[in-house]
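Same chain, two versions here, written out as structure tokens and called structure 1 and structure 2.
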Structure 1
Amino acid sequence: MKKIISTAIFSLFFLIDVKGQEPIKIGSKLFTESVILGEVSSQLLEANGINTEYYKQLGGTRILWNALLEAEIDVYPEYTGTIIQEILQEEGIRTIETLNEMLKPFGVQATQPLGFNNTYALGMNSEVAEGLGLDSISDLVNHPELVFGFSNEFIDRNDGWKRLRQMYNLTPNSVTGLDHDLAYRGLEAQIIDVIDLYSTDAEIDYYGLKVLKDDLNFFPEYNAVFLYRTDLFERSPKVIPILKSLEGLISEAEMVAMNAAVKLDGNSDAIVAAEFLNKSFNVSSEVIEETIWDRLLKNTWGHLYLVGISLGLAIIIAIPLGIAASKLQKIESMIIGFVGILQTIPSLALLVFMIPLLGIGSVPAMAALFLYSLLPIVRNTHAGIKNIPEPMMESAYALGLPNSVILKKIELPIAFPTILAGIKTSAVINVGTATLGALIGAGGYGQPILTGIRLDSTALILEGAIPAAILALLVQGFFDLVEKRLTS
């Protein structure tokens, strides 16, 4: 709740420079280990009296890296292999010192490794692997019939599938992309045979998976580090030593245990992080466990906030645009074409496009939702006015009323049911699309859905999906009622 309000206030005044009191913004990627590490850093900073704001499970490497460059976040956990191959597009192994030389131009530095290497690996159901006599990745060459299911990021990455298949000369018949957390389920259900693993995944032990040997040494080291903006030295010099105090502190076994505590035992990220800090630093950070009702209330507010402002702005802008399109022939096709093109951009892409322009959080999400809501309202306003029969318009003009009065008293009221139908369409689409806002840290009902996918928890997914569906129905029902009132 507090976060929602502070985000709200922040976004309303995001033009005002509040440097100095700005909280340290921490981000994390869309998988459990990253979320835990983000939580650890955030709680440790808070325990040292530094105000933080935590944008968890924002998305993949590109989103986090860009957010860091744009100063939308100040810190996030990353892996050395990813920095070298995916961010810097280099190869081989580098020391942290060399890496930091290379990161300098970006205004970014890395801490020393936190203590564990979470490398990529390929894994299989051990019975299947044994049955086929598979031990290393090279052995896969003779089994193109096996179904490969990889996380989408792994498929696209330089240090992922693209180069792996070249190096090992793999030609499987079927490769599908899916969420990493769902891959274990697919493996268990034997829908897929081979998946990408993170070596610190708790599921490897839990499901008794066979980790195939990287016999050609394709995967580099993925030592976990924190990436941070170098301007923190000036803005908040205390932060970096605190982050550095985590260096070498988290062993592979400890990370696997923390991942298991969250993913397998269902503990919250915050509590697991707090326990680790308590043990390692003897600091007790207060973690208030939210009840489902707290979350529901917070997410409802977050969602209504996104939908309300974006839809409200869309109505204010789209109706005049629709009127302009219906009156000014010169710009008619330009307006309709422009809002039409906006609609063809996939909603996820539109959200990501907003990051370089408006950063992360609710402001870019609202901007994307706003753009998305324009077309139905503009189109219906335009059509509602244009479709007024000619004799009716002639009669209106013949009365000798000025155009503004004709617009207000005749055209808009006659077009109103059509305009309302456009607003309804926008509102319903908006409620659904707003769930994607969580991907860029905007909150709302998408938040529990994302966490639910990450933790493989149907209950959490439903915690977001059901209210979102109910809200869409309520919105639809509300507009149906208004329509009925109008026509009766």
Structure 2
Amino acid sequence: MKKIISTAIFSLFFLIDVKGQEPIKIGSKLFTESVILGEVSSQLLEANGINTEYYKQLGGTRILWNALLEAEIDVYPEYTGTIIQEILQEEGIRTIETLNEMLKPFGVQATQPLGFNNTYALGMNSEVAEGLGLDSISDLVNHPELVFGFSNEFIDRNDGWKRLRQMYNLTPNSVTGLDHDLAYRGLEAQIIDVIDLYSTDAEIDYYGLKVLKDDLNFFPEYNAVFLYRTDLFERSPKVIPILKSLEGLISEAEMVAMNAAVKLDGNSDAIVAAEFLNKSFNVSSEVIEETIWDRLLKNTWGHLYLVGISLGLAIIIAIPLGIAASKLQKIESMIIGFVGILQTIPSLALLVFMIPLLGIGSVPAMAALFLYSLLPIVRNTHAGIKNIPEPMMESAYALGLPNSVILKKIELPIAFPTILAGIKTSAVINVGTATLGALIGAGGYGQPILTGIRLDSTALILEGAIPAAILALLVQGFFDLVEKRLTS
């Protein structure tokens, strides 16, 4: 019956043509299930003639939530437990209606559940658990020697390790933070003993893991929903009914099967989503598979775009700042100190800070890279001018040359190798740091690296890592050539 209703709703909007409207921006988190659900929503909207932009693998909960609030995205898949515990930090919300009342002040609403509960759980190697007689989370109290390896988000979440350890009185000797998808590797290699699971992870059956009972009922229900901005009612009123056509349509078994098709069978997220839509709505989505050369060309252009613009702006700003620091003693320490502080801000934190200011995509990534590029150029410009021998400067002043001429004809040429060394350092740092831009939808070589980590694919990781390393070497070689030509 649900499929008949869903198909009817789909058919109702099939002939709508809204191509002239601004695209609906869809986001997803780093893990496979979120990426698949994002593909499902994007392809379903596209099949109804609604133009979309899909920003996949944007990062964790806070990045997606902030992007939704700032209208950088319009829709993304989320889970009720995460919304209640992590975003709203409330207790006692039992229904979607109550949840939506709490979300109203944010200009956000949730669909009804899609049909499955993807709750958190703790898992172990079955043989290890059986050998120690472990059946529930409470049993871990007597085994502090076990190494716990949790996803970084789970460690920091209010509905994660912080409160879990308090409720169960767990005091393990070692708790390690790592990527969720890499945790399975660590468990298989017996480097870690206990990891956090998503209950719909295909790897649970694949690795034959023991899921420990949540005997104190710590974890709430994590029913999958779509969060969307309420201004879609006015901007594109057809979007929300189409999203609602997915309510109750995806069972836990179907979601596990889709996760397995991507993670274990090697199918693309887009193809798996298209197959689901074909089965559920009898529509065909055109999925264009990119070749490795297509991806390499696109990612190279994206990476060069990020690095080139951010480095160019940094050179334009940083050299004058370095000159000012060398000439004006009153602001010398302030300038050097300021650019030094910028370098100490963790790169991921800086990217998150940029979302409310500049949104997601290449612009905030370039802004962050620009700020990171300042320190080497400012300090080297300052040092290059300050370290010019005093007798040489005294001779220049004795000749009565204007300060501008001294700077242009004497100080900058002498300091040039030092300044160029700072630019070279910034460029190489930029190439590496730019890979993190993929976390906020900036593309570049970080995109295949994130996908490779998610899918446990060494080939995809190398698809991003090797070109990034080669580009760093080419950039360094280019500036070496520039230095050789100009200094000669």
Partner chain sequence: MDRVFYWYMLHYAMISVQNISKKYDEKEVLKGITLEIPKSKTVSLIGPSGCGKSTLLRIIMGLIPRDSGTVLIDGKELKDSNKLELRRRMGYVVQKGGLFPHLTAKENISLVTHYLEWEKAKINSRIEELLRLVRIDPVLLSKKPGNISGGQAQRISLMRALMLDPDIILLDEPLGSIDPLVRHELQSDLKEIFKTLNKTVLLVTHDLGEAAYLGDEIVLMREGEVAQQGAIHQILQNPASEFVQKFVSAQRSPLEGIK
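Just so you know, these numbers come straight off a predicted model, no measurement behind them. Each form is matched to the other, and the largest set of C-alpha atoms that superpose within 1.5 Å is called the rigid core. All residue numbers here refer to structure 1's sequence, counted from 1.
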| Out of structure 1 and structure 2, where do we see the form predicted on its own? | 2
| task | Indicate whether P241 shows a C-alpha shift of 2 Å or more between structures 1 and 2, with the rigid core used for the fit. | result | no
| Superposing on the rigid core, is the CA of L328 displaced by 2 Å or more between structures 1 and 2? | yes
| said: Quick check on W301: with the core superposed, does its CA move 2 angstroms or more between structures 1 and 2? | reply: no
| request: Taking the rigid core as fixed, quantify in angstrom how much the C-alpha of G400 shifts between structures 1 and 2. | output: 4.0
